[in-house]
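Next up: just one chain, as structure tokens, the form predicted on its own.
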């Protein structure tokens, strides 16, 4: 256990019968987000971890490397010379049949760029927490989602976390999702740099045995080190080969991941008391207009939504957890019939003021609805800029006005921009 961890009042939850769920033993810790991820990695006990330090991810592997040194895990830890090498080593170890993890942030993820496609194209179930951080230039070490959004079409599943608890829970679930035989795709677990990674939070850590049983053992369907069952890895497939068919199979695997993510999230809820789906709905049963957001900002937005609802204002919120695969059908069903929707993006597409990536994809998802809500995009928080509740309240006023008037004054807005 990292030295920064504190048990809250020695609080331990014994096995509790909760409906059809059996919530197993757990302990509540006061820990930072990076330590929450390290705890999940310890319980997963991967065969190989290859990583290179980069702020603000560094603390994950620092803590985990101490766990390796203390003999708490049997992991073979590879200290490589770059993020490019980290993903290269991870690909090799995974292709050999190992359960493999790595971690990165920002420029490190960008340095892995060509290898991200190789990992997914080879259908390797690698799990990689990425602590979201802005991409240079100018140099900035604080949070936005530009790094992972740059990799959104690399055929990696992407799970976003609102807080340290979800970062822990998502990391455990990511292994089951990636290794499912109907998926076999790599998974990124996203958590906001410094806001989640370096802030102390209350995190419930489930029992080690229960976590191990939930994750299970990994039996790779193929291994390049199995001489009795030889396979070709990284074949040359050009001219008249089957590259197109390979890519179509990846798309099918990504589509399969939708149900797998839901099933794994429900199963995890039975042992933890925290079930997960593609997104979380707040007050959507009678909402006339709503916010859509993901990451740490969802907590602040939820606070305002609950306060507004206490005053009888028909507002709701959807916290998007899964960005890849993008749950287009499910979101369209959840948002159909609303008058207006505000989408919060912590990154930009630089596509000529078309809006952020979540906005663009959600707008496309709603296109075929008979009754489409008006849509407003709020790009916020780039480079770690704060999102105080006053700014969200400002957006709420504009959203409510759009719902009442039936028109949007400005589709793409930069919330909190200095004038």
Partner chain sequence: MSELAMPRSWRRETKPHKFCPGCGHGLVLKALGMAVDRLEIAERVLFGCDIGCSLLAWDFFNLDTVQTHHGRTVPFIVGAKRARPHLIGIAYMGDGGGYAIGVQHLINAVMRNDRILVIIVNNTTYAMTGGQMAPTSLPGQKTETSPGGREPRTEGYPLRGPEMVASFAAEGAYIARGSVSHVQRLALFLERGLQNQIQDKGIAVVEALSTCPTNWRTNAEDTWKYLEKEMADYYPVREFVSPWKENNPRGVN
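Positions refer to the first chain, counted from 1. As the structure is a computational prediction, the values presented were derived from the model and not from experiment.
The protein also exists as the form predicted in complex with the partner chain; that form is not presented, and the subsequent description refers to it.
Trainee: Kindly indicate whether 258, 279 and 332 are, all three, within 4.5 angstroms of the partner chain in the predicted bound form, using heavy atoms.
Mentor: None of them does, since no heavy atom lies within 4.5 Å of the partner.
Trainee: Heavy atoms within 4.5 Å of the partner chain in the predicted bound form: which stretch among 59-67, 348-356, 365-373, 42-50?
Mentor: Only one stretch passes the 4.5 Å heavy-atom test: 59-67.
Trainee: Quick check on this chain: which one of 250, 266, 88, 82 has a heavy atom within 4.5 Å of the partner chain in the predicted bound form?
Mentor: Among 250, 266, 88, 82, a heavy atom within 4.5 Å of the partner chain in the predicted bound form occurs only for 82.
Trainee: May I ask you to choose, among 222, 218, 111, 243, the residue with a heavy atom within 4.5 Å of the partner chain in the predicted bound form?
Mentor: If I apply the 4.5 Å criterion carefully, the residue I get is 111.
Trainee: Taking any heavy atom pair closer than or equal to 4.5 Å as contact, tell me whether residue 382 reaches the partner chain in the predicted bound form.
Mentor: Output for residue 382 is no: heavy atoms all beyond 4.5 Å of the partner chain.
Trainee: For residue 235, is any heavy atom within 4.5 Å of the partner chain in the predicted bound form, or not?
Mentor: Residue 235: no, not in contact with the partner chain in the predicted bound form.
Trainee: Is residue 139 near the partner chain? Define near as a heavy atom within 4.5 Å, in the predicted bound form.
Mentor: Although the partner chain is absent here, residue 139 would touch it in the predicted bound form, with heavy atoms inside 4.5 Å.
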